[in-house]
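What follows is a single chain, given as structure tokens, in the form predicted on its own.
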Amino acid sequence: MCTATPSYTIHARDHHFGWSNRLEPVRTVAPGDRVEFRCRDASDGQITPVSTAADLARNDPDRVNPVTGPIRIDGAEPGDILKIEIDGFTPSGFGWTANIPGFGLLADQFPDPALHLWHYQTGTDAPMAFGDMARVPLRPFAGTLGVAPAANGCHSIIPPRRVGGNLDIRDLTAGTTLYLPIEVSGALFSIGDTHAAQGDGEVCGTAIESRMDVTLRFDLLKATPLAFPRFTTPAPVTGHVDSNGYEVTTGIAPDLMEAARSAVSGMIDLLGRLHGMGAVEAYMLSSVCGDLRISEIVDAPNWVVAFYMPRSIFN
């Protein structure tokens, strides 16, 4: 939950669907200001508590991943760093995870749509039930935080960039500080794609997508070049799910993508054997709380990718 009083609120109606340095800022803020952003979910509200998997085909793909903003940071110039302190999140209580045909690490193996709807308590960290099969800890964060690129034109929200964007880093949660390189005057910062929980890799292409409000504090590091985003966490990042260890599968191949696919496929099979889960349910659960890790990338010609599933979610 947010505790700091924001200087400004940027409402959800002030949103956009592509990065551009030509967008008019909805507000100018000063270094040191706290700003509350009211973020839409990744479907822009097209998925509701009464949606079904059949509704996914009717969603407008041009409305995917709206971001709230942009705001102008007074004094920001190319070559500076935008420092973003993530104060906290106010979740909505509803979320969804979907297998969207043609999207995700194993899209070729899962061609049919699937949808899981989540309902959770706000103001607590009580885990959410995944049917009667598992309980997933909440860890709200924003999947998309970025500033405008110097390149002209309108650029898709979907791929991440050196100026941030759709990073989908689950550790960008309350207490974390994110640093973004600035390429245009004013920075033109926007945020969205808020998640209630996600595993490293977001393997099916969606997390627990959930509308929420986010409070951030901004500052500038002047004339400090930065090649790519970096961040600082306030505490260990794994203790919320690793109390009972992990089940781990691996993939070994000369290509990291191939190895990652094998590791996730192995986990889907394992969850079916251990817990009787259907394949697409195991795929979606893996996306919201399992972690892909590069275990070895020096012993040519083969690299090792491991997939960690916390055993505590099944207790």
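The model shown is predicted, which means the values in this text are computed figures rather than measured ones. Residue numbers here begin at 1 and follow the sequence given.
One more form of this protein, predicted in complex with another copy of the chain, exists but is not displayed; see below.
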Here the chain is shown alone; which of Leu56, Val35, Ala260, Ile268 has a heavy atom within 4.5 Å of another copy of the chain in the predicted bound form?
Ala260
Looking at Ala279, Val26, Val64, Leu256, which has any heavy atom no more than 4.5 Å from another copy of the chain in the predicted bound form?
Leu256
Hey, in the predicted bound form, is Ser20 touching another copy of the chain, heavy atoms inside 4.5 Å?
no
Mark Pro127 yes when one of its heavy atoms lies within 4.5 Å of a heavy atom of another copy of the chain in the predicted bound form, and no otherwise.
no
Heavy atoms within 4.5 Å of another copy of the chain in the predicted bound form: does Ile73 have any?
no
If we define contact as a non-hydrogen atom of the residue within 4.5 angstroms of the partner, is Asn166 a contact of another copy of the chain in the predicted bound form?
yes
Partner contact check in the predicted bound form: of 167-175, 84-92, 128-136, 115-123, the stretch with a heavy atom within 4.5 Å of another copy of the chain is 167-175
Is any part of 124-162 within 4.5 angstroms of another copy of the chain in the predicted bound form by a non-hydrogen atom, and which residues would that be?
Ile158, Pro159, Pro160, Arg161, Arg162
